[in-house]
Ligand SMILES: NC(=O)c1ccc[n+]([C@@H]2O[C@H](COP(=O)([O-])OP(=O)(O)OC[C@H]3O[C@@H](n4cnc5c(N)ncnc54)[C@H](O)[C@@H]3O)[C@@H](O)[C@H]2O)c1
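The chain below stands alone and is given as structure tokens, in the form predicted alone.
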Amino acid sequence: MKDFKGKTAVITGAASGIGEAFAHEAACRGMNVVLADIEAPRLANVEAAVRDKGAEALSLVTDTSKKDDVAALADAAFARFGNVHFLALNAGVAGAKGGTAWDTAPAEWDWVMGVNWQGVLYGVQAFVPRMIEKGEEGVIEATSSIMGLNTGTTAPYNVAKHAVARFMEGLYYDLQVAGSKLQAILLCPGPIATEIVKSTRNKPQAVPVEEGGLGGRAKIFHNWLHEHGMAPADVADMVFKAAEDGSFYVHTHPEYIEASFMRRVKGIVSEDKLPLELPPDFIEG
């Protein structure tokens, strides 16, 4: 996809972080922008900002874990602009307390899997058939993570991001079989300077959190991200360039990907077992 001007982008998780950066990049490229997020005040601010850049914009408060919300988003986008050419299924949450597979709260599993994984599924189901029917070039991007390619603990975030990665790999082939002009992109970010560690601000009431709010380890990681993480604008630039050159995988930190993914592959193909030690920590190297 080479030409963006006058076309339409739909972005979930658009009120902050990578999604907000996608919105600004799309506006700078002359696109119409449809913004979706669960945070109404922040969403309104981003809509105003992209309008200031000259973009035609529409925002809709959306809970991506709810199929009806995502369907309503698709209806609004197609009704307003006629077609969608760049679909960024980017909404994500980090989780709350976490824990082992057997003691993480069911409500946390439902929340994290609902937003991070089912939001991607619902987005594809709601948008892609209509995008294919239009017969135009387009892009479907989904945000996974380096955690979607490596191995490690059973944190719901990691499991959800693995699901996104495998689903998008499948979508890549589905689109070819269908003979469509649509391109799939899988974004696998490493450390990015976003607010995702603070995503409990949007959690359902049933999801338990650490006493006193953001736990000590999470607070350290949040601060580290903002000191060392890649700027979201740089991530957006990489994704739009991938749309231009037809890439599927977008790795923001290939050094992390290679180190963590290769140790998993080695276990699969040559050792028949997983490494006993956990993957290296971002902060500790």
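Position 1 is the first residue in the sequence shown; the rest follow in order. Since the model is a prediction, treat every value here as computed from it, not as a measurement.
Another form, the form predicted together with the named molecule, is not on view; read the next lines as being about it.
This chain appears without its partner; in the predicted bound form, the one residue of Ser145, Gln183, Asn150, Thr104 with a heavy atom within 4.5 Å of the named molecule is Ser145. The named molecule is not shown here, but in the predicted bound form it comes within 4.5 Å of a heavy atom of Glu195.
The closest non-hydrogen atom of Gly123 lies beyond 4.5 Å of the named molecule in the predicted bound form. Although the partner is absent here, Asp63 is a contact residue: one of its heavy atoms lies within 4.5 angstroms of the named molecule in the predicted bound form. For Asn202, a non-hydrogen atom is located within 4.5 Å of the named molecule in the predicted bound form, even though that partner is not displayed. Only one segment in the set 174-182, 96-104, 72-80, 156-164 has any non-hydrogen atom within 4.5 angstroms of the named molecule in the predicted bound form, and it is 156-164. The three marked residues, Ala27, Gly138 and Ala243, fail to reach the named molecule in the predicted bound form, with no heavy atom of any inside 4.5 Å. In the predicted bound form, the named molecule lies within 4.5 angstroms of at least one heavy atom of each of the following residues of 89-107: Asn90, Ala91, Gly92, Val93, in sequence order.
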